[in-house]
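To begin, one chain is listed below as structure tokens, in the form predicted alone.
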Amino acid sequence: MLTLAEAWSLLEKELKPLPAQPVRLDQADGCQLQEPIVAQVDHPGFDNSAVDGYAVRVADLPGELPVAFEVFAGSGDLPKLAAGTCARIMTGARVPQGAEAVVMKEDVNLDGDTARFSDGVKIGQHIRRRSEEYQAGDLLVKAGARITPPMTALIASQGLDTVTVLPKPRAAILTTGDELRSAGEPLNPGEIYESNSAGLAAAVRSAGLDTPLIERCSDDFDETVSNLRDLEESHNLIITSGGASVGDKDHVITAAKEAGFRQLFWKCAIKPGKPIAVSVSERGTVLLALPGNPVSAMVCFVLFGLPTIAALRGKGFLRPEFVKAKAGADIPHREGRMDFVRGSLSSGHALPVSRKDSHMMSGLAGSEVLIVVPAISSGIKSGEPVAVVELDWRPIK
């Protein structure tokens, strides 16, 4: 049976970043930009007012000036500001020809259509000059940058609605099991509510991907093959839950081969999650066949799903970081498999939860870390050094 390090090595060698492609700007959040963004227009594109106020000629101040006209943001052709007059102007509006400064509305006394100004107004006051931020042709965003919300706004300000990026993988989740029922359905004896798809979909979104497609499959070989073939055609990552072990109705492993996937490995010396299998199709779609036990599925997603998503996005195969801590209690262990014990972290001490079995989701739901117990360990005593994997569920950067 493969060790975790051996399984990681096999998967890392197989994974390649998805090819760059143009995508809509509203779908590019967090993606890596592959082509530089060059300014298409000057910014500002024209001299405009930084405040609501009055456009004036400095030579006419101080004194009283009639308000000759009004200028709003988006106003087209404007008359020239004549000597001895002023114009009411709004924030962002184009400064009329002849105006040298803008005086804030709060600093002006208005009497009907006459505005009274004091002294001290300087040329250029409260005017945003054309191209003072950048000019058309200037480099705005370098290739390789990760697109952030402010960057999205900057790109949109150039009139661009598509960008070339390393795209987000399209993910799908396929849950298997005749015993599974959806929320709201009555439960018959032996049935349970299906929850893995909800947890895995949330994990996929937390990694920075879009909401995955979720489908359900019965414990039928032909149906499983058909589902895998259909999903492979339109997705880069398929995550299955259940059906990956050796039971009479566990069809995912054999169905994957029938559907054209090449198996990288099946079973890993970890606990929970031993039955995990990973396969790839000729087109490069990755199939992560996770166990059906909810804790096993989520732990395997942390160990294999997150590194896979990072690699497909061109960020490298980001193995979970093992952080040093101390055991806050005795952790019994039987040699053979690397154990990931659910726990909390307090002042550098890792405390295992009481509900540890792979079907007990409440233990993982209340956990902050996975406490790593090496395969060769016969147990860890309280106070001894231990490694932990933090469960922070933040987007992959």
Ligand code: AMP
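Counting begins at 1, following the sequence as shown. These numbers were taken from a predicted model, which means no experiment stands behind them.
The following text describes the form predicted in complex with the named molecule, which does not appear among the structures shown.
- The partner is absent here, but in the predicted bound form a heavy atom of 179, alone among 133, 233, 113, 179, sits within 4.5 Å of the named molecule.
- A heavy atom within 4.5 Å of the named molecule in the predicted bound form is found for exactly one of 85, 195, 226, 152: 195.
- The stretch among 317-325, 259-267, 278-286, 235-243 whose residues place heavy atoms within 4.5 Å of the named molecule in the predicted bound form is 235-243.
- In the predicted bound form, the named molecule lies farther than 4.5 Å from every heavy atom of residue 308.
- Of the heavy atoms in residue 169, none are within 4.5 Å of the named molecule in the predicted bound form.
- Though the partner is left out of this view, residue 212 does not reach within 4.5 Å of the named molecule in the predicted bound form, counting heavy atoms only.
- Though the partner is left out of this view, residue 272 does not reach within 4.5 Å of the named molecule in the predicted bound form, counting heavy atoms only.
- Taken together, 47, 98 and 125 are entirely out of contact with the named molecule in the predicted bound form: none brings a heavy atom within 4.5 Å.
- With contact defined as any non-hydrogen atom lying within 4.5 angstroms of the named molecule in the predicted bound form, the contacting residues in 279-298 are 291, 292, 293, 294, given in sequence order.
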